[in-house]
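Next comes just one chain, in structure tokens: the form predicted on its own.
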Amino acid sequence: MVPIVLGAVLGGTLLGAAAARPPAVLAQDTRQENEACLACHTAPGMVLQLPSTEVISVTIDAARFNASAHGRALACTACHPANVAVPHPAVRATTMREYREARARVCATCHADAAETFGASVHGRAGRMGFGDTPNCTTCHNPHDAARVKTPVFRNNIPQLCGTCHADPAIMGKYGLRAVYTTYISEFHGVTTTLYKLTRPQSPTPAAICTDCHGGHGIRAASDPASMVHPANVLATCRRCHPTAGRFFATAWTEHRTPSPDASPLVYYVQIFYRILIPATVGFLGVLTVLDLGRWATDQLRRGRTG
């Protein structure tokens, strides 16, 4: 049995009728309809369990939803038209993947441009090929908290969001990719973003995050000539933040590889040099300081005895 936890007491006709109403009336009706839904769906622990045994939380944070772009403009039934009826009809999806694909089709009814761009991306094409672990709309966006995408917090968390998959060697290995997340967060851009996330979460990181260099909905494989990080395009991408970058600027990029004798050897040996030089310099100065203090203490003792 599918324990669908229901809420929502919704009445009236939806988008077609609402579109003909004055905006003020629409906002009032929308608010009333959403309040009816939230009367049930703010209860903690509400879940929808699919036949696959996968569980979806259907508890909504009312404050965050009402502050979101969707909460300010749409009735719940704009995305869940079947749920006008109470009890709600059973969900047709049998797996989380099917459920998310159905949600993505709903997103596309308003976000057609983004859906088209995503469909041409490496993620969109992999999804159409049947790879179940590729992301779609709701993997990266919470439709009940849609305002967050424009906030500094969302920007500062994008590397962690991408890292959900791109830090997993098992998922990346399946597609012949490297798990680049760990390397990214150890690089200058990643370190800066992590510091902003920890110390200034309300300020957007000025350092490049994943989507700045790879795109958002339109991410393509690096080998694709249309990719922002294709060898022919990467310098132009760098110059979006570094407008004075010279023609060899992009050659310093390690392509998210951990420097080694085989990958970015110059960077690797410079790192080795500094890992030796810095401790050696600090140690040498420490020894000199200890010797100098020893000499000073000895002189003080001698003066005390002769004085």
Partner chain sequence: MSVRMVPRFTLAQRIEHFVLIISFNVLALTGLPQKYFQAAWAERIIQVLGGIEQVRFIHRTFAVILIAEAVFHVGAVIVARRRGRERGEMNVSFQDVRDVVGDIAYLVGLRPTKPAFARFDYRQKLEYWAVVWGTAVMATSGLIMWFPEALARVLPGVLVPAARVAHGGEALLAVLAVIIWHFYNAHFRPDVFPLDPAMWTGAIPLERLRHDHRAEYLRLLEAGLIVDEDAAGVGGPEDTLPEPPSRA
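Fair warning: this is a prediction, and the values are worked out from it, not measured in the lab. Numbering follows the first chain given and starts at 1. In this text, rigid core is short for the largest set of C-alphas that superpose within 1.5 Å between two forms.
One more form of this protein, predicted together with its partner chain, exists but is not displayed; see below.
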Looking at the partner-bound form in the predicted complex, is Y196 within 4.5 Å of its partner chain by any heavy atom?
yes
Going by a heavy atom distance of 4.5 Å, is S186 a contact of its partner chain in the predicted complex?
yes
Quick check on H256: any heavy atom within 4.5 Å of its partner chain in the predicted complex?
no
Since only the chain is shown here, I'm wondering whether S68 would be in contact with its partner chain in the predicted complex (any heavy atom pair within 4.5 Å).
no
So which of A43, V267, A27, V55 reaches within 4.5 angstroms of its partner chain in the predicted complex, heavy atom to heavy atom?
V267
If the cut-off is 4.5 angstroms on heavy atoms, which of these, R105, H230, H80, R200, is the one near its partner chain in the predicted complex?
R200
Of the listed stretches (28 to 36, 243 to 251, 59 to 67, 46 to 54), which one has a non-hydrogen atom within 4.5 Å of its partner chain in the predicted complex?
243 to 251
Do all of F273, V282 and T289 end up near its partner chain in the predicted complex, with near meaning a heavy atom within 4.5 Å?
yes
With both forms fitted on the core, check whether the Cα of L277 differs by 2 Å or more between the shown form and the other one.
yes
